[in-house]
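In the block that follows, a single chain appears as structure tokens, in the form predicted on its own.
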Amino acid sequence: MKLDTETFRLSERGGFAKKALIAGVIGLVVTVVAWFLDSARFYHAWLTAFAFWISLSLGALFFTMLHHLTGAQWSTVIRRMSESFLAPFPYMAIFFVPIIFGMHDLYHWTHEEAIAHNPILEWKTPYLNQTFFVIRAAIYFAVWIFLSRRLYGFSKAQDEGHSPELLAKMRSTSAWGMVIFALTITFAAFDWLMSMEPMWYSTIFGVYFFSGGLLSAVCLITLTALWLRRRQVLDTAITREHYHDLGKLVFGFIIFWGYIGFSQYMLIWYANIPEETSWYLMRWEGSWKAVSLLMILGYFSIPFLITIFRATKRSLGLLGFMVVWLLLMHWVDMYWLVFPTWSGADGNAHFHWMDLSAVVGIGGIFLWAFWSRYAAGPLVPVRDPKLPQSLSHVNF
């Protein structure tokens, strides 16, 4: 892998895309075989992996729009990286198809006999029905794909020749796009995850899903930059000063995720309404209690205490370890949201090789799509007027 420092293009792309594609195909084949062994388990493992990877693209989309809205200079050098993590959206739309076929195993509200004996579910039927569920998902993906392609299209046009109009278009798109993004990610979280337990509800569940996705997207961007640095790609463009700022974002969003998670829990605990507390009680029984404690300690308390220090944010080795750990914790979070509803859980967490194969299968295609876009052109927006300031960025 070699970088032309004049054009910021890769003269040799390496074999990462091929390896990711092979791993993805193998993972998908193994996971499909697993469907014949236990279809219900397959659908839950698939939804967990899908929620994990789609949240990373959604977090990257928010990061990109936030960059344009704030007019940030320091993040210009990593903007193309976050834009490239939007490339998997069309493939994620395809990966949503198995969830449609598995709705009967995943969602209790698809059972006619359950609706017939539950007046609350019957009242929710105009929203919770299979046809409208699929239509809403199509709308979500259409919005995300449109926003990502529009922003990336403007960004690529800027490489050919900068004009103030392009910056204005990217900023205006991000302005109205942020509003639509907030609505779509909120309702997607309601539909795909919260409705697995249709009698339970939380008005900030969408924000909870968003906060974890945003934190993990920043972690993924940081990890990718560190991976490139080890291969002497962008090692002088993305400096320790940029990693310091990325570390500050990681620290800030750890607090944000913890705040949202605690707020959701505190309000339900304080109200002490049976149909609300049942969701947490289910996750405080058997071995799920250990997973819940792992979430508290591993996703918030310990990372908070480590990343609070300036030295951690400027230590590339320790920062790299922390972002990998937080990505793992984000997968555990998705597992914690999905699997307690699985009928085979019997009040305990049961990890299975199928969970790993689903993550590898979807993840391999995700990373292949990312690298195919990222390596195809300049690794930074070469004509962006803020690039010189970004390259010479210094923390104060």
Partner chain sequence: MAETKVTPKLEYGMIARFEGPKELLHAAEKVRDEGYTKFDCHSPFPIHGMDDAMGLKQSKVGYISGVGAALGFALGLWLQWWTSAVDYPLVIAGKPFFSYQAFVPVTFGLTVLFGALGAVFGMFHVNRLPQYFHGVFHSDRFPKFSDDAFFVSIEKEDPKYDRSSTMSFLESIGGAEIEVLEGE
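Just so it is clear, the structure is predicted and the values come from calculations on it, not from any experiment. Residue numbers count along the first chain shown, from 1.
Heads up, the form predicted in complex with its partner chain isn't pictured, but that's what we're talking about next.
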(message) By the heavy atom within 4.5 Å rule, which residue out of Met266, Ala114, Ala182, Met103 makes contact with its partner chain in the model of the complex?
(response) Met266
(message) If the cut-off is 4.5 angstroms on heavy atoms, which of these, Lys289, Arg310, Arg149, Arg230, is the one near its partner chain in the model of the complex?
(response) Arg310
(message) Residue-level contact is defined here as any heavy atom of the residue lying within 4.5 Å of its partner chain in the model of the complex; does Tyr201 satisfy this criterion?
(response) no
(request) Answer with yes or no whether Asn272 is in contact with its partner chain in the model of the complex, where contact means some heavy atom within 4.5 Å. (result) yes
(request) Find out whether any non-hydrogen atom of Met1 is located within 4.5 angstroms of its partner chain in the model of the complex, and reply yes or no. (result) no
(message) Considering non-hydrogen atoms and a 4.5 Å limit, does its partner chain approach Phe262 in the model of the complex?
(response) yes
(request) Heavy atoms, 4.5 Å, its partner chain in the model of the complex: which of 139 to 147, 168 to 176, 104 to 112, 254 to 262 makes the cut? Say which one. (result) 254 to 262
